[in-house]
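Take a look at this single chain in structure tokens; it is the form predicted alone.
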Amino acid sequence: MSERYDVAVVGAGVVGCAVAREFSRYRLRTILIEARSDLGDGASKGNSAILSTGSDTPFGTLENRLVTRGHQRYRAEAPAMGLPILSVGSLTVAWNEAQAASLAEMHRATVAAGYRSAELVDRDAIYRRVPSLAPGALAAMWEPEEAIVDPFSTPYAYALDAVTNGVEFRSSSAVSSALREEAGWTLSTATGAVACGLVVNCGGLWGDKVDALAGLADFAIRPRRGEFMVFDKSARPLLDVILKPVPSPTYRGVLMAPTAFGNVLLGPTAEDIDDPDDWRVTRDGLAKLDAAARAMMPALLDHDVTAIYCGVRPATERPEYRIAAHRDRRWITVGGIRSTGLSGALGIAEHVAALAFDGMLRAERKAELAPVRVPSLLEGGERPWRDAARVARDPAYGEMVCHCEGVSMGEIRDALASPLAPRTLKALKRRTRAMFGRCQGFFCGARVQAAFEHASRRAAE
């Protein structure tokens, strides 16, 4: 006999984790189901880590409304969870007269839509902010509220909050079938059946396939690959703002941004692909990034590339969110959440809960919630090895393992002992930053892997 839940959230990317967190605020039995072995291991693991205000989304759309709301909620709620927000601001730069004309119109529309902090700045103001920018910039739009965040700790914090407040998390549980019943659904997974009153499909790159299990065919995922370069921390003095090109009608272009971890990020490219599991970095993609760096900031290429990676976005045949409540089926689809999922997640979660409580669910809101706080991984942030008293109490915090990113054995130990312990070595990297530095684990990889394997053996005993 399958266990019974009020809500089953399918997919533990940043949006699914935010949705599960939202339902944890109510007296409901909720389960978060993930096909992969760990959370945040699909589209959420490869993004630009920018917290957008929503000003770069089509005005008047659901995406625009939810990203704007997600940005507001993130600023209000993330600090209590230990999530950093670095308001570095962004410059959208015009390099020719046609782009300058487009930028002026873009600025008028942005301000008219309510983003009143946006302002046009001239060439002198641009180069005062970014002296290392390539010559030739004509004008820019400055948006001071654009920010950079920690893209890996965010879904982890949402999921940890959800689990701490009563949600069950089940990984390695791909949904293979969905049986419609009078009171809801029975989902077949690799770890057993799940009976529930409501399904929320946050399947990301596989969202259309999850919907198909319920007989729905509202959209088709058309995966879009975006490749990135991460430059060494030595490049960080070159850039302290987010640099964006003036977008075309079909492509936002390659941006350049500092990261919360002290690096400089360049990307993404945009290429439609057939396989949502195709995470390759290509020669053509790297050539496009190299060309973008030469055009925007040639000095960046004097610094080493620490890492290259690929993100795959769950685009659909239409450039908009595909969120729909199928009330007669007790099923909510959350699809087409492309590059704005990190910024919009909390707004999307709030919207999904409103849909659910409009005729499909009834529940009281909890009077009290248990707070959670994830460790800071911020470059220069509060780390336990910086606290002499804490190191004196527990020397493991003074035992440095990853020197590139400044990760102690105590931090690795704590991550492995979490209620949401990482299930893979890559997940441990995302929880701690170990092996993410310029040596890419050459120095610390063996020790980190040994700690992970030791914890895995103990958990299996």
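Just so it is clear, the model here is predicted, and its values are computed rather than measured. Numbers follow the displayed sequence, beginning with 1.
The discussion below concerns the form predicted in complex with a small molecule, not included here.
Here the chain stands by itself, but in the predicted bound form one stretch of 363 to 371, 203 to 211, 85 to 93, 383 to 391, 203 to 211, has heavy atoms within 4.5 Å of the small molecule. The closest heavy atom approach of residue 258 to the small molecule in the predicted bound form falls outside 4.5 Å. When contacts are judged by a 4.5 Å heavy atom cut-off, residue 285 does not count as touching the small molecule in the predicted bound form.
Though the partner is left out of this view, residue 351 does not reach within 4.5 Å of the small molecule in the predicted bound form, counting heavy atoms only. Among heavy atoms of residue 264, none comes within 4.5 Å of the small molecule in the predicted bound form. Screening 342, 241, 254, 229 for any heavy atom within 4.5 Å of the small molecule in the predicted bound form leaves a single hit, 342.
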